[in-house]
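Okay, so here's just one chain, in structure tokens, the form predicted alone.
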């Protein structure tokens, strides 16, 4: 599971008011090289919850992103920042582990890079 996916997921358990961001429990992280697309990165940047991405990348062992989001102008001028953003967002994969609801503590397993977000009958 890429951190791009993590940044879009939330817990939809009945009664949970704040199911984002899901906490990550890491068992195995894999890095998979992906061709960089500067236009995609510039377009997705405003849609990303920066704190969630920054925290998740650190949990997965990648400490190159700044804690505070950079100014959007950086996306036009700083190729090194784009490379780091690309790596965290698209090349780090949670292969095995779990996602935890921040409110209920419910674990959603991640196996072979696929998060299982199915709810139990009493959670719907």
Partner chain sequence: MKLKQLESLLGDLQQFSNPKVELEQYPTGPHIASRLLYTAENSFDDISNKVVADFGCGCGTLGAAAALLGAEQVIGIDIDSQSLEIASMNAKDLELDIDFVQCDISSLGWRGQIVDTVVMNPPFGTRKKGVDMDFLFVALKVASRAVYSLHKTSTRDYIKRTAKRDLNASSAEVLCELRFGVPQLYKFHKKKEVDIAVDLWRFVPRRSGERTINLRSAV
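Given the structure is predicted, the values throughout are model-derived calculations rather than measurements. Numbering follows the first chain given and starts at 1.
The same protein also has a form predicted together with its partner chain, omitted here; what follows describes it.
Worksheet item: residue 104: heavy atom within 4.5 Å of its partner chain in the model of the complex?
Response: It does not: once its partner chain is placed as it appears in the model of the complex, residue 104 has no heavy atom within 4.5 Å of it.
Worksheet item: Taking heavy atoms and a 4.5 Å cut-off, does residue 87 contact its partner chain in the model of the complex?
Response: Looking in the model of the complex, residue contacts with its partner chain do not include residue 87, since no heavy atom lies within 4.5 Å.
Worksheet item: So in the model of the complex, does any heavy atom of residue 48 sit within 4.5 Å of its partner chain?
Response: Residue 48: contacts its partner chain in the model of the complex.
Discussion item. Does any part of residue 9 reach within 4.5 Å of its partner chain in the model of the complex? Heavy atoms only, please.
Written reply: Output for residue 9 is yes: heavy atoms within 4.5 Å of its partner chain.
Discussion item. At 4.5 Å between heavy atoms, only one of the stretches 23-31, 39-47, 77-85, 59-67 reaches its partner chain in the model of the complex; which one is it?
Written reply: Of the stretches listed, the one contacting the partner is 39-47.
Practice prompt. For the heavy atom contacts within 4.5 Å of its partner chain in the model of the complex, list the residues of 100-124 involved, in sequence order.
Written response: Heavy-atom contacts to its partner chain in the model of the complex: 113, 114, 115, 116, 117, 118, 119, 124.
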